[in-house]
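In structure tokens, one chain follows: the form predicted on its own.
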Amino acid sequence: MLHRMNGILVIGPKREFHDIVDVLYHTGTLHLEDVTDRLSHETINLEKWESGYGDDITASLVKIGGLIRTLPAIKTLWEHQRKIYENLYWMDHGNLVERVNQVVHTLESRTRDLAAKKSDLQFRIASLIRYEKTIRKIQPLEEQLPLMKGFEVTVLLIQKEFEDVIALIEDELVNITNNQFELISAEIDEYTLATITVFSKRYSDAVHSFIFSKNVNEVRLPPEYVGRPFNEVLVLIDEQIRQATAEMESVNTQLASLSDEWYPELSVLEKVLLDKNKEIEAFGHFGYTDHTCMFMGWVPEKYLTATREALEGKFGDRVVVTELSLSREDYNQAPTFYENSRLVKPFEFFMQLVRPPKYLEVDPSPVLAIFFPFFFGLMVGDIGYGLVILGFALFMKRRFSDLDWLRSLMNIMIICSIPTIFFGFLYGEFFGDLGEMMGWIHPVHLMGITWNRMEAMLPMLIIAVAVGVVHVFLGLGLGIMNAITMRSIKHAAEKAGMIFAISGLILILGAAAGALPPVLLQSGFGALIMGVPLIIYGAGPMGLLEIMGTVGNILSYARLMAIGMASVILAVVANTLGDALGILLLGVVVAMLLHTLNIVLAMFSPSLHSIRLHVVECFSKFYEGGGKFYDPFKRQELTH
């Protein structure tokens, strides 16, 4: 259900504006409205509040953020974090900025020097590893290289997909060096070739200039490696890597020491500054006169007392909270705040996919919570599939407990697995007809018919359409409730007329076909005659066309039977094919693969069609949407 909202106006002394904002933000119950827009200048001459603190807070955030990104993150006890937060949050603006500057002055130069040294060492280690890898790959070619004074050795790294460029380089080197060079290629890995060129040093500038112009990756060894055998170079590189790694460990130790001392306060300081920045962004909603400041917004009725007590506890009678007397049109602008039970709450996820309901509209979530699992179970209807879906949902919910959207979906699947198992018992299905083949379960006989879906297609179709009648009539009934709430007599008359007209058509067709007693024929005509004038009154003559549209909506529920039939047929095919293969192990594998595919389809297709039946066929009869979700002005809570 949608929770009742109260419009309130908070009035306090202008000199205590920032303290009032802090309390409202800390309490976190007020959905802000722009007070300068809602109160006309004829009522009171209000000015928008503009903060002069924004630049200081932004600059402080940048400084603290830079320090945090430099230091290694550490876990801090939640109680310790909360104590630091409360101490910093309630500082006035000047003291907070001064504390930021003190921390930055203490840490900035030390962390900057350590970070720069760490970056240099990381680059040096990466370069050394690159040299080592290249030299190890080309070491077997060392004997083929001419060891003559006055010659230079250059290594080029070329991606295999561009190996055609080697021929171009060779042709150009012929021209540059008068054919006085050697060129040898070797494979570095599956993606890279190393091409080693040896040429006279007097052609060095021309060769390097050409290589640079072709954007070829050239590995130029440091001077201390030049002229040495490759095995000596590798020993030297290994020693330099160990030395750089030791220096890196020393730097990391110093950073970790600083982090142990300062990270808890830095992380909380960043959180406080982010909260202060969010407060400042909301200042445009607030208004002031020469001596007072004003705040307006919506508070759920359940939080109204807590909001009053928070302000009274801090300011006494200096701050006044007034409940506003608002018109129906004003309440239509109130935000939407859900207050549903644990069984209904997961289905609020689907409501986030459409426009939120207006405050005075009926909450569609309970309708989804009742009929979505029912439709799902009616379509899937298999004990084995229900158990697999239940197990899968429990595993995913536990494995990805930090993803709220996935947890909501898995809760929906858990709920849907229960009617799936129930209908599986009625249909006598356990992985299709496997349970019946093994003698474990059989379809229930009820009302003179068997609930075996393969044999009761017509009864299942009638049941699906009957469910459609109930669902669509529920939507029309909720439409009447919404129309009464909105005081729209014509809309209420249209919805009521549609119920009479559709009921009349059902009675007429049922009596004419002999499915209903003939005496109901006259009742059907009477209901139709009553419904037509109401529809014309509510929607005009063109509204009569909507009768056929509503009939089409009801017939659309036949998909409940069709999709369920497709699922059970695929399950039977899986069992039949697995049995027909003759080889037990192969048959089991094939059957399992087909059942897995069917279960995946069973989780997606029935869900999509169930949502469609709700949104298109049912919700269109009462749901308008266009509201806004309750978004209170509050800080983000510290997490454990």
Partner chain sequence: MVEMGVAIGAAIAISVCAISTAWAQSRIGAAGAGTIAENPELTGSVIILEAIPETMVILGFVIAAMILIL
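These numbers come from a predicted model, not from an experiment. Numbering follows the first chain given and starts at 1.
Heads up, the form predicted together with its partner chain isn't pictured, but that's what we're talking about next.
Taking the partner from the other structure, its partner chain in the predicted complex has a heavy atom within 4.5 Å of a heavy atom of R612. The closest heavy atom approach of H471 to its partner chain in the predicted complex falls outside 4.5 Å. Interface residue remark: L608 is counted as part of the site for its partner chain in the predicted complex, having a heavy atom within 4.5 Å.
Proximity of M438 to its partner chain in the predicted complex falls outside the 4.5 Å heavy atom cutoff. Of the residues A115, L343, L516, M565, just one reaches its partner chain in the predicted complex with a heavy atom at 4.5 Å or closer; this is M565. The partner is absent here, but in the predicted complex a heavy atom of A558, alone among A558, V104, I370, I241, sits within 4.5 Å of its partner chain.
Note that among 451 to 459, 120 to 128, 407 to 415, 424 to 432, the stretch whose heavy atoms approach its partner chain to within 4.5 Å in the predicted complex is 451 to 459.
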